[in-house]
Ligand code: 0PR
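Coming up is one lone chain in structure tokens, specifically the form predicted on its own.
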């Protein structure tokens, strides 16, 4: 196949992918232009063999310090992952390895019933029982339900800072107190909320990071609201000892050991994350969040004018609306070119207001929604 023919084939395949301009269901978005530039510049870099790519490794170290500082601890330990699933796996694997060396077996962890499906993968991969705690009327995990599920083989609790379906923040502060009292590992899944909550106007209402003594690890995804390229997640530990629990010997590489789940790792994603954080800084990231939250308010207000109420008032840029015949509404909207999603319990229409969303896009969607529900 010659180059021109190949380019036509690629263009045909690309035309079948949906543009983000019609997507309201995804927690990913178009990467920032500086991220794209950096990604292309470091496209061949394999940070899995970091001795060969020292500049890329320097960027990763600085990114960990920057994100750690954003999460309340500039001395946190971690690395850039492929995303929230890998980060969650590694957090649980670290505490499992620690407890296994102490002789514990038949371990369990407790997650909210609203937790990401990656924890179902964790149950399978790590052979750990995953117990699911109930939630309150605001769809946040109930600390009393968590305590009821705990026993002598519970090695970890999980709290979510920005649930995938509803964008809620679990009462991490209460979980932190339980973690301290019970001397148990607390992992916070902030894959989505990590780059949102620190920039909210009422951020002090939602304590979730290393400023809470009981928090042991945090997952946070630059390729979501951090506007980096895919794949770019991040796992952070309060203590280096937990990162060391993930170490494997790498005798034929330029480093003595690796902590990552994957061997070959994209240095391009590291460079993209570095570029966005250095270019936007906290002020730039806050502007992104402010704009998304403004459009979130526009979406909710427009729906209310049609008589459609949100399941909860949005904490962050995730909107869930109560509509009759949710699946029918989704199909009708899809026929009009809109991609939205649904929640499980309660069933609702779900939209994520990401940086690619514009005011015109929200207004156009509301017109379509009004036609469908009428």
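Residue numbers count along the first chain shown, from 1. Being a predicted model, the structure only gives us computed values, none of them experimental.
Only in words, not in the display: the form predicted in complex with the ligand, which the text now covers.
*Asks:* Name the single residue among 160, 196, 94, 71 that comes within 4.5 Å of the ligand in the predicted complex, judging by heavy atoms.
*Replies:* Contact residue from the list: 160.
*Asks:* From the list 176, 85, 296, 266, which entry has a heavy atom within 4.5 Å of the ligand in the predicted complex?
*Replies:* It is 85.
*Asks:* When the ligand is placed as it is in the predicted complex, which of 305 to 313, 321 to 329, 27 to 35, 51 to 59 ends up with heavy atoms within 4.5 Å of it?
*Replies:* This holds for exactly one stretch, 27 to 35.
*Asks:* Is there a heavy atom of residue 225 lying 4.5 Å or less from a heavy atom of the ligand in the predicted complex?
*Replies:* Taking the distances in the predicted complex, the answer for residue 225 is no, it never comes within 4.5 Å of the ligand.
*Asks:* Does residue 116 make contact with the ligand in the predicted complex, using a 4.5 Å heavy atom cut-off?
*Replies:* Residue 116: contacts the ligand in the predicted complex.
*Asks:* Taking 4.5 angstroms as the cut-off for heavy atoms, does residue 154 touch the ligand in the predicted complex?
*Replies:* Residue 154: no, not in contact with the ligand in the predicted complex.
*Asks:* Can you work out whether residue 164 and the ligand are in contact in the predicted complex, taking contact to mean some heavy atom pair no more than 4.5 Å apart?
*Replies:* Residue-level check for residue 164: yes, a contact with the ligand.
*Asks:* Does anything in 328 to 360 come within 4.5 Å of the ligand in the predicted complex by heavy atoms, and if so which residues, in order?
*Replies:* The one in contact is 350.
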